[in-house]
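Single chain ahead, written as structure tokens, the form predicted on its own.
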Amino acid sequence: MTQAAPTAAPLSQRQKMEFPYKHSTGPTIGRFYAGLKEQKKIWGQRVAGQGVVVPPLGYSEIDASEAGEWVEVSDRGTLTAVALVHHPIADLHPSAKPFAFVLVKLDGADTALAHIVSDNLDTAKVGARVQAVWAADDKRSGTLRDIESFRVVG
């Protein structure tokens, strides 16, 4: 007669894994981030066949040709896409309160910048006009988060 193997509850463990790293931004994104941090200005680059690209890549995604002149664009623009997040996940989303992931076509740019709208979400619709909300001077660090969010304007 064989004896049944004892049963045990499955084991589980929750753990957070991170892979921190540092890398150089390079001359193109470095200049873009420096403009945000030091000047509160948003810069794009003129690219053949694409117009003014924000954020700049330094080259054309169409034919890999080198990007041209730097162009300052406005911190105002139009929403071209909106995705509401009603229940943000801690340590995953950029805001602890409800927000919207958005694409903003800034005035003077021909491409859209991905960012967030964090207030008045009921007015965050495709076609709405928005303006950048800048981080305080002593809080800007040379990242895209130097623009805290965008807010819908009249």
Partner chain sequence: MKRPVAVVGVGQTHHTTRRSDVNIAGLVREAVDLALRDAGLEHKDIDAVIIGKAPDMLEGVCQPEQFLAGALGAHMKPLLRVHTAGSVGASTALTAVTHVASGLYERVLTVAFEKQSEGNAMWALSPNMPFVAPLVAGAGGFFAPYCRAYIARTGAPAHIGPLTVVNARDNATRNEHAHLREPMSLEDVMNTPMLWEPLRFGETCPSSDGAIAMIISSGDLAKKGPRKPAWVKSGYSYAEAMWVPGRDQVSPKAGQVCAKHVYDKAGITDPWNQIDTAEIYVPFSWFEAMWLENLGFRGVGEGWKAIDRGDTKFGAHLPINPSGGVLCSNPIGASGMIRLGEAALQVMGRAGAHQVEGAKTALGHAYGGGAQYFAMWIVSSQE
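All values reported here derive from a predicted model rather than from experimental measurement. Residue numbers count along the first chain shown, from 1. Take the two forms, superpose them, and find the largest set of C-alpha atoms that agree within 1.5 Å; that set is the rigid core.
Only in words, not in the display: the form predicted together with the partner chain, which the text now covers.
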Next item on the list: Could you tell me which stretch in 110 to 118, 88 to 96, 38 to 46, 58 to 66 has residues with non-hydrogen atoms within 4.5 Å of the partner chain in the predicted bound form?
Entry: 58 to 66
Margin query: My question is simply whether Ile29 lines the interface with the partner chain in the predicted bound form - judged by any non-hydrogen atom within 4.5 Å.
Written below: yes
Next item on the list: Find out whether any non-hydrogen atom of Ser24 is located within 4.5 angstroms of the partner chain in the predicted bound form, and reply yes or no.
Entry: yes
Notebook entry, point to check: Would Met17 count as a contact of the partner chain in the predicted bound form, using a 4.5 angstroms cut-off between non-hydrogen atoms?
Noted result: yes
Check: Superposing on the rigid core, is the CA of Glu18 displaced by 2 Å or more between the shown form and the other one?
Finding: yes
